[in-house]
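Just the one chain here, the form predicted on its own, laid out as structure tokens.
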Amino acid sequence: MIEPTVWDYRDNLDYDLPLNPGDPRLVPLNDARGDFSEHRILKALGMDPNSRELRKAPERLYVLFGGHRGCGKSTELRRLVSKLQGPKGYCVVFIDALSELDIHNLRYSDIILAQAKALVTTLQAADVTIEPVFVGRLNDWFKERIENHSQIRDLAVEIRAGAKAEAGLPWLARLFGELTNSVRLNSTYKEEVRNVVRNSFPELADGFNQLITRANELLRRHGVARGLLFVIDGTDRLSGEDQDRFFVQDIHQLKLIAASFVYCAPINLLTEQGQLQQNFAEVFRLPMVKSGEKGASAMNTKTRELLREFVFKRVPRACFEDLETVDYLIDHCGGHPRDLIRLLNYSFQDMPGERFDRGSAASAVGRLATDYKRLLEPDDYGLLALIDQAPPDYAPVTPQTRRLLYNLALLEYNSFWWRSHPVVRTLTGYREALAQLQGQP
């Protein structure tokens, strides 16, 4: 029998792949995150955390689930969906915006089309049939707003031709599938479709709500679920003006849809608690895995053991020259799961033999530090050094710190504690800023 080598675990070093429940590589990290409780989210959604029963489904609820990119939000969302889904719980409509939409050019109109498409697909998979009368308003919207629009009439003809004699959910699947694709694939109809949705949004929302209301009734009647919930992942990748437009300026359009939603949000947006609390009934943060306690320089034993397990679930202990190499990588990831995998990947690329060694680990840290250096402005180093040396509760919310949080050069842990990324602290610019702050020559 041929013994496995490090090459057999190469695919485990993909750091952009969220894990589904039951994946053998999954390591629950929530106990090392500090002030985070999965029970709070379940209860906010009306779910009894113990019995896993939906006690009271809210008619409308808009929840924001935020945190750093790569901290494990997508994996955690998938775990939550597995607990929420079922005959005594929700019928969950899950949307991955990264694969379904153009996340670098996203508008609320795109999300609404994707939500409608995903709902129809979910209902079809559950063998739920919606009577034609309950899709009438959506059909009228298509006739009046798409077929009668001179600049996208050709698209309407294509949709009708492809649908042939289909009606009900199959027809809606064709309709919203084609409209979503026209936006996602940057077709010649992209902006016109968006304009039509925006200009006729009350009519579209009214038809969508009619479909949602009937779907809820049938899901309960047939014992499929006690409620309907939309979960949208990937919207945490929005940046700059796009995130402000989506989560702040256009939130009122999104809230015209009468259902319950969980949206994923970037960490820097959560610093604007005033605006968010007005727009979202519940805001939950998934903190970074704690690299230590406030004011302490060393990582606590429990966190280190969990992160070792995290590493060994992807690459066995025998593939490392020594345990110190593993801990060296852990110490430089800042408790950031994706960056820990990225360090493993970089180290793999530079290792001269069949095992991870200290030399390849040091090279990986240097490469990751360079990645962050490209994101930093000259005056960022002084601010990062100041935050690191200040009392633990020093967390100034400014456009600069919001950018640093989004870029992960600044990491947020539980209780609103900020600290610079460990690899950033290896950069010359940071060391010079720290020396100047401390009055060293």
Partner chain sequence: MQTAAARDTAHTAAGLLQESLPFQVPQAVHTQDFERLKRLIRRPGHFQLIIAQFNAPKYRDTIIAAANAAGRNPAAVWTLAEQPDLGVLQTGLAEYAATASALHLVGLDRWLAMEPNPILQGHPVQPSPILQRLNYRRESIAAATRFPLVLWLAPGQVRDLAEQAPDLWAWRDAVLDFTLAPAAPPEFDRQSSRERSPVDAATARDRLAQIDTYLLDAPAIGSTADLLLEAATIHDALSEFDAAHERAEQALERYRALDNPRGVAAALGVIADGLETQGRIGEALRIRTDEQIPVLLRLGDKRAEGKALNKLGKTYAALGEFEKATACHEQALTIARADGDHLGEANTLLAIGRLALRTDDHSTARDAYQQALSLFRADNARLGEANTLLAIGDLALRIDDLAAARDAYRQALPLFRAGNERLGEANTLQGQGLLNLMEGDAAAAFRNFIELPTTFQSIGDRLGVQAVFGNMARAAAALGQIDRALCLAGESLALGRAAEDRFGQTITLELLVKLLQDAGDAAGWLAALMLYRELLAGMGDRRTLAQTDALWQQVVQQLSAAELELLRTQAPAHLETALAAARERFGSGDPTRLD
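Numbering follows the first chain given and starts at 1. On a predicted model such as this, the values are computed, not experimentally measured, just so you know.
One more form of this protein exists, namely the form predicted in complex with its partner chain; it is left out here, but the text below deals with it.
Between 303-311, 193-201, 222-230, 69-77, the stretch whose residues reach within 4.5 angstroms of its partner chain in the predicted complex through a non-hydrogen atom is 193-201. Not one of 241, 400 and 431 places a heavy atom within 4.5 Å of its partner chain in the predicted complex. Put simply, of 279, 271, 85, 124 only one has a heavy atom within 4.5 Å of its partner chain in the predicted complex, and it is 279.
When its partner chain is considered in the predicted complex, only one residue from 370, 249, 188, 129 comes within 4.5 Å through any heavy atom, namely 249.
Using a 4.5 Å cutoff between non-hydrogen atoms, residue 256 counts as a contact of its partner chain in the predicted complex. Its partner chain is not shown here, and in the predicted complex it never comes within 4.5 Å of any heavy atom of residue 324.
Under a 4.5 angstroms non-hydrogen atom cutoff, its partner chain in the predicted complex has residue 133 among its neighbouring residues. For the chain shown alone, residue 379 is not a contact residue for its partner chain in the predicted complex, no non-hydrogen atom being within 4.5 angstroms.
Of all the residues from 143-157, those having a non-hydrogen atom no more than 4.5 Å from its partner chain in the predicted complex are 143, 144, 145, 148, 149.
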